[in-house]
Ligand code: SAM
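One chain comes next, on its own, written as structure tokens: the form predicted alone.
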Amino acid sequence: MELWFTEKQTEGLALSLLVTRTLHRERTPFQDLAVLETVQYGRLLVLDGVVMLTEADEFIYHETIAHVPLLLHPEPRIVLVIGGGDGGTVREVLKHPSVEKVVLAEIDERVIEASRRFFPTLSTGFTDPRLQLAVGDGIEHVRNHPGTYDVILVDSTDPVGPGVGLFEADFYRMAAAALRPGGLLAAQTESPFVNRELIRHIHKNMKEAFPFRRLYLAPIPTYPAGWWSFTLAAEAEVNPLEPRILPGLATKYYTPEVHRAAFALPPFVAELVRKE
């Protein structure tokens, strides 16, 4: 008998993966957490029935959310990652020698523990002395740390459950206040195919706190429709097409050329945020 995991991504779209075994499942204080072994993509992390990452394609997402803003900042030293309890974004941030401290604000400690156990290639940064774990609400964390960070990375779940407040205007105002002068924020902002109104909503909510906003894209095979958006935001104008070059940066997806191409938006995507 074959066992398939199916994520219903929209009312008319689903992703199914053939599963060889269930490695772990639990109900945490916040969500249902499962780790599955799949034929196509290796190990799979699922929260509340939604694919968070797979071993096969996680590097695209984590390199894109981390290196784009970090290489647009002249010298990122203090970085906050909100969500991202799997450790993939932290792993990428710690590749930057200018970074002195990374704070991981993850509300669900059980995600961190599951990653330590089942995703060793993602959780390598958890032993780095530059990492500070701040288990708790990321919204409260930014509220309590004004003027602290050079870069904030919002590596959130979808806007449901624990992650819903990370897409609202109040959070963006607090995040802007938590940045040092010249600071940057980057956030995952969902699918330009199936979350079009949500992307408009996010950019509208960002508008007051971050006058400068630029959408950028990357292909994530296991996310809805296979194409994902991120938003770079700042209080002042930034040239997103001139990243610093970091010699020796080990990546499997990110390059300066890929960085620049990520900001080349097809017209149907550009129109989502043109008015905002």
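Note that residue numbering follows the sequence shown and begins at 1. Keep in mind that this is a model prediction, so the values were computed, not measured.
Below, we turn to the form predicted in complex with S-adenosylmethionine, even though it does not appear here.
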{"item": "Joint contact, Q31, M52 and G83 to S-adenosylmethionine in the predicted complex, by non-hydrogen atom at 4.5 Å", "value": "yes"}
{"item": "Options 123-131, 106-114, 70-78, 199-207; stretch whose heavy atom lies within 4.5 Å of S-adenosylmethionine in the predicted complex", "value": "106-114"}
{"item": "Proximity of I60 to S-adenosylmethionine in the predicted complex, heavy atoms at 4.5 Å", "value": "no"}
{"item": "Partner contact for L47 in the predicted complex: S-adenosylmethionine, 4.5 angstroms, heavy atom", "value": "yes"}
{"item": "Interface membership of L166, S-adenosylmethionine in the predicted complex, 4.5 Å heavy atom rule", "value": "yes"}
{"item": "T157 within 4.5 Å of S-adenosylmethionine in the predicted complex, heavy atoms", "value": "yes"}
{"item": "G136, P146, G182, P97 - the one with a heavy atom within 4.5 Å of S-adenosylmethionine in the predicted complex", "value": "G136"}
{"item": "Sequence-ordered list of residues in 176-214 near S-adenosylmethionine in the predicted complex, where near means a heavy atom within 4.5 Å", "value": "Q188"}
